[in-house]
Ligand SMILES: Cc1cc2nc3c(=O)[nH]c(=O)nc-3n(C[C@H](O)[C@H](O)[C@H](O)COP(=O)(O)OP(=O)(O)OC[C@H]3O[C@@H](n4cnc5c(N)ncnc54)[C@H](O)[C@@H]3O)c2cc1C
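A single chain, nothing else alongside it, follows as structure tokens in the form predicted on its own.
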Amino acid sequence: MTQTITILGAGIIGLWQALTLVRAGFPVHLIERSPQPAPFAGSASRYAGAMLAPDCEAEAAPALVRELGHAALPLWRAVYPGIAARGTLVVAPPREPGELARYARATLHHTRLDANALATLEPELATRFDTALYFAGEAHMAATDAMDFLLNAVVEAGARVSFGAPDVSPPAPGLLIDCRGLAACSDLPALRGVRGERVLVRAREVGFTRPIRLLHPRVPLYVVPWPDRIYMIGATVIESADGGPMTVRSALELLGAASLLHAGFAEAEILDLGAGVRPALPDNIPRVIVEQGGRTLRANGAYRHGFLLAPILAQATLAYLASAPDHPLLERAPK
């Protein structure tokens, strides 16, 4: 194919689509409605925890997500040098020991740590917990740093990128890949919104080095370390398409739960509070959906697996363009 491939949306899925296709030799035009110098202002991806955690996600996700998530890890490592491969720790409040046992039964590839082993990995965490699950094969990154890197790689590879541009209809001739997330709900009626909330703080008294998931009975949350003692504190999922600001109640719950992990979060500087709405399909598995006789592909439905499965969605598109056998994330819409 020599005609230009137009990609709508420079979230994590659109960035991986653009980079994979331009490196494969296709002419690519990536269009993003957010303006510069804040190129991801309209993207739900910037609110992501950016954890490559296929085994932890398996606690509530289908087995396919775990299998494809493991396949995505080497694709990420081959592209982005900022991956922090330190694993994930999962803890539960001492009064909820059954939660950790339940989580262990629902997941694979973890080690149960006692107090001494936990103190070796995260000394500051061991002051409050005497046991944890350790998922050694998982990794994480700072979401916006990774997106900035991918965007620069897309440009350096020769793709054309337009910011502050409105969405366009399918070009003729050419192929359109729609990666707009929930903005594409009029074209994908099965999409629903899933709200994700997060607080960014600088906690100078906290020295965590890997993501930590707290199985709190009311506010299950994760804490992800970013450079410069910045921590992303996020909730899991809220079934809502409301993209409005975070409420005081939500902020207090997140910060209060984080303080259960480390008292130093009580003295942290709040850098940003925000909420994004992720797109999800009924089974919470993202797909590349082929429409309009093959002239339009819709890469969508990330749910909370956007960073994890974005490279695999790009491989699904590449397989379609190469007329390869069916990919597990490739779906052809009824004619």
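Quick caveat: nothing in here was measured; it's all calculated off a predicted structure. All residue numbers are counted from 1 along the displayed sequence.
The same protein has a further form, the form predicted in complex with the ligand, not shown here; the description that follows concerns it.
Three-residue candidate spot 9, 42 and 179; every residue lies within 4.5 angstroms of the ligand in the model of the complex by at least one non-hydrogen atom.
Considering the ligand in the model of the complex, the lone stretch of 289-297, 302-310, 263-271, 66-74 in range is 302-310 [heavy atom distance within 4.5 Å]. For residue 56, no non-hydrogen atom is located within 4.5 Å of the ligand in the model of the complex, even though that partner is not displayed. In the model of the complex, the ligand sits within 4.5 Å of a heavy atom belonging to residue 13. For residue 203, no non-hydrogen atom is located within 4.5 Å of the ligand in the model of the complex, even though that partner is not displayed. None of the heavy atoms of residue 284 is located within 4.5 Å of the ligand in the model of the complex. Of the residues in 39-65, those that come within 4.5 Å of the ligand in the model of the complex through at least one heavy atom are, in sequence order, 42, 43, 44, 45, 47, 48, 49, 50, 51.
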